[in-house]
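The chain that follows stands alone, in the form predicted on its own, written as structure tokens.
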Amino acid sequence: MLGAGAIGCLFASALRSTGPVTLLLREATAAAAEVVVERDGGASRVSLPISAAAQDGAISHLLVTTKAYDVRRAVSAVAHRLTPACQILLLGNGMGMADELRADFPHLALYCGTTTAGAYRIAPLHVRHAGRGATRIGQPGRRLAPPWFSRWSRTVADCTWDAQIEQALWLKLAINCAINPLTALHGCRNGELAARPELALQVARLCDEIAAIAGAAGYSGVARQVHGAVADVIAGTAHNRSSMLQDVAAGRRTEIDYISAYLLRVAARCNVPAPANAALLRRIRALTAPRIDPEG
């Protein structure tokens, strides 16, 4: 498994109950590590073996839960270990990572997933399960699940094979585009996007554009759902701080290039104007641009 953040630890802990799971890290300073997942007032602890990316050892199944901008680098770091029939599952925010990997490794089998399960990190390898959610996994053009999916369906709550995974990924992208950048820009929790009239108006404008882009790109079902789905997520996660807001607050790089920027690349291909989303992208990039000291 590549990516030992909140979601990575959550799924590693679940999958460990039915088979081996190995954490792949840049450097391995120990043979194993304990992953702690808090939920419902208790905590589960599992010991997982650690392997450094540069080490040898064949990898036949790989779960990637890194930040979107780290996916290409992380997979490239273990490319020498991937078997010709390696099955790779990408589970994270944004879109475009699969396209990059297909260009780099056209022979590998790539699967994509999306989850509404909530978790946040308390300390390294120590996370709190903040809310149960649904997980959808699929491969564009594939109707039936591969054999390895049975392990997921047995151990991960509400996990299903989705023959229309692209629709699910696009809906998740739409929700992220409408919520994450606005909360990061205004430093607010998700619920404020509905509670503050000026922000609610911006959400509506963003959703209008997102729906038009999704429809032009062939995702008419997503286009019809955008406004309602965004409103539901804002209401259901009213007290949450989006991942992009957390990244901005911590001075970390955001995933904007795989969220709003990806959406706008599709808009350009489809000749759909999206001024509200474009303006938001520019403001997020300006907000997170490296500061240059004029004094040198």
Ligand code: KPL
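Quick note: we count residues from 1 along the sequence shown, nothing fancier. No experiment lies behind these values; they were computed from the predicted model shown.
In what follows, reference is made to the form predicted together with ketopantoate (KPL), a form of this protein that is not presented.
Though the partner is left out of this view, residue 243 does reach within 4.5 Å of ketopantoate (KPL) in the model of the complex, counting heavy atoms only. Interface residue remark: residue 139 is not counted as part of the site for ketopantoate (KPL) in the model of the complex, having no heavy atom within 4.5 Å. Using a 4.5 angstroms limit between non-hydrogen atoms, residue 50 is distant from ketopantoate (KPL) in the model of the complex. Contact annotation: residue 28 falls outside 4.5 Å of ketopantoate (KPL) in the model of the complex, judged by heavy atom distances.
Looking at 204-212, 154-162, 175-183, 76-84, the stretch with residues near ketopantoate (KPL) in the model of the complex, meaning non-hydrogen atoms within 4.5 angstroms, turns out to be 175-183. In summary, among the residues 233, 267, 33, 59, the only one with a non-hydrogen atom within 4.5 Å of ketopantoate (KPL) in the model of the complex is 233. This chain is displayed alone, yet in the model of the complex one of 135, 167, 93, 225 has a heavy atom within 4.5 Å of ketopantoate (KPL); that residue is 93. In the model of the complex, not one residue of 125-155 has a heavy atom within 4.5 Å of ketopantoate (KPL).
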